[in-house]
Ligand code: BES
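Taking the form predicted alone, here's one chain by itself in structure tokens.
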């Protein structure tokens, strides 16, 4: 992870410098200092390029003088419109401009004090790379910048705010690492072992074997895992940070299908390699729990993930099978590629039954239908509780991880009626993401619950501010913000 070092807002004597400058008002002090140190090169470049400092605009000055190797000007837009997202985008642009140098600094005096750490966060999130399996990269193909000096008018206050943000960034990086791993490496047992390592952060971790889950009645989850040689696991992570150790926790549940072939209802070959990230919901829950532990969140929280591989073999479950869930309800499996809801059914039931949470939120790359409905801009939000849904939507807007609430209702629920069991696991093509959520709703009891279908947002096909191409860690920051705003002591 890119290291951030906060120092006083003094012009550096060498290296590269990113200046964050609003479109209107007086130019920041470090901008004026840089212009003076370079003999007016900055103002001349601005004039020659007719640079306006508009939002998301940048201007590079190579070799400007004054001991600096380069200066990059990053426009912030109108000062009155600055917010977290604008600051993070500017920090992301700064990293992009400075990543090829070994010594770089970012001037934060053009931002309100509260937004300085947000710019640093944008730089850090943009620095993520998954290079574990690269062996032939040339030096110029890797970023040189390992430490970014943040020049702040109040470095002590900025560093204090940064501590919690750094913890969340580390959680997001953990999620991105997990989701990026190839499926031959991150099998359910290996995933569980990596979760066990988080006990070093203070998390209480329990791992459940197939035999233990069978004793709990996890007939739906174990049916999904039948076709794989890799045995299923469930992991439970507990963080006890509230003043009252007996206070009801907030519970998070993640779908962890480490590879999804579709089973007997096999997927098309094209794009099947993407199904390594069908465990992104579980990855998000793991990253979130690590973030809460790292920042010592004052909350009781529990994260549960069901880890399986959906494969084909002579033992794989078949279309037409009936399975019995931990709740006692039975499911007719008409499509083995609708497996995530079977995994979640047992884990959700166990979560609400054992922990009696004050709120229960699950995340899953559950349906292609949500991508048809919302594209890659929003995750689908489904909930039985208006207050919880509102809190989630607001948290998502605050961190740039947008949710769109979708309907639930009896009319959709009827689509799940089975001729021979309590329900079937698919409801047909119309409203496919909604009927999937209706299925999950049958396993949460009366607890306030929300389901986030992140199939369209868990993986990015191109770079965006703070989100390099690949695993996005969608949900880590959103749920951390939810906890910080509504559930901490």
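Numbering follows the first chain given and starts at 1. Keep in mind that this is a model prediction, so the values were computed, not measured.
There is another form of this protein, the form predicted together with the named molecule, and it is not shown here; the text below is about that form.
Proximity to the named molecule in the model of the complex, defined as a heavy atom within 4.5 Å, holds among 455, 34, 444, 59 only for 455.
This chain appears without its partner; in the model of the complex, the one residue of 366, 90, 392, 121 with a heavy atom within 4.5 Å of the named molecule is 366. Residues of just one listed stretch (99-107, 140-148, 267-275, 241-249) have heavy atoms within 4.5 Å of the named molecule in the model of the complex: 267-275.
The named molecule is not drawn, but in the model of the complex it has no heavy atom within 4.5 Å of residue 209. In the model of the complex, at least one heavy atom of residue 371 sits within 4.5 Å of a heavy atom of the named molecule. Shown alone here, residue 399 lies farther than 4.5 Å from the named molecule in the model of the complex, counting heavy atoms only. Though the partner is left out of this view, residue 30 does not reach within 4.5 Å of the named molecule in the model of the complex, counting heavy atoms only. The partner is not shown here, but in the model of the complex the stretch 253-269 reaches within 4.5 angstroms of the named molecule through a heavy atom at 255, 260, 267.
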